[in-house]
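The form predicted alone is given below as one chain in structure tokens.
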């Protein structure tokens, strides 16, 4: 299938990109990796008259460490870069693991974190990972900017809080406390190029190496119209000593936060079973990760 006709723009600055986006109104779309947008254009689902590329804009495709406070991830940073970045894998583990499961190597080398979030697919890989890390999203337009918590960003399939003429430019994530560990598990019918049947991201924080749990965050994807936080399961874990039994019970509680559907990938009943199983498994992996926490070299 051929792409519909469009004008292609390569602004050299963020300000120019935002100006073009404002001037062209609803006829323009931002393109970074294009792994989702170009497919939708070929299918005639979207027919923008203008594409505004981020390729030449500096700093929007870099990961910036803010001392010990966290990292700022440019919206055009690719999944491939996230999955191989030592700091991301060590301290922001759910994001690194989720990026490593996105598509296949060729897709990961083009797909961006910004695109994965803004497209707001219920089964997206990076959304739950950012949610358990309480990421903050910086949205800019030509005359102002704002920050919104990623947990409030998603409104429905393909729908977010982002407004017309507004662009996601960066994602900020605070460094988790000591004795924190993370995990991400994705279930599909094959290992690559698969949309999630269920995905789970977890971040656990322990009081010391062996517990108890002082904080827990669980996010689930492909189980509702938007990715969801399993708040009841999180509250159940806090203050308790980690164990396989505890994690299994938390997984069962997590099912109650979901509204899975039946489709060609799996039935509602199967998805509910997998929510419980994968949540328990991810919690155990995050616990193992937390127990091996070490200060980063100065």
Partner chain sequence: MKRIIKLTINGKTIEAAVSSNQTLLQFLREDMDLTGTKHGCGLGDCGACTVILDGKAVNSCLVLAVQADGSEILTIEGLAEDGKLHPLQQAFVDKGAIQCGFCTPGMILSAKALLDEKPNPSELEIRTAISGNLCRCTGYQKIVEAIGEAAEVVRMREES
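Numbering follows the first chain given and starts at 1. Predicted model only: the values in this text are computed from it and were never measured.
If you look for the form predicted in complex with its partner chain, you will not find it shown, but the lines that follow are about it.
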Quick one: of 66, 47, 56, 59, which gets a non-hydrogen atom within 4.5 angstroms of its partner chain in the predicted complex? 56
Let me know the one among 39, 238, 244, 232 whose heavy atoms come within 4.5 Å of its partner chain in the predicted complex, would you? 39
Is residue 291 part of the interface with its partner chain in the predicted complex - any heavy atom within 4.5 Å? no
In the predicted complex, does residue 109 come within 4.5 Å of its partner chain, counting heavy atoms only? yes
Wondering, does residue 251 line up within 4.5 Å of its partner chain in the predicted complex on heavy atoms? no
Its partner chain contact in the predicted complex: residue 296, any heavy atom under 4.5 Å: no
Any idea which of 97-105, 206-214, 123-131, 165-173 reaches within 4.5 Å of its partner chain in the predicted complex, heavy atoms considered? 97-105
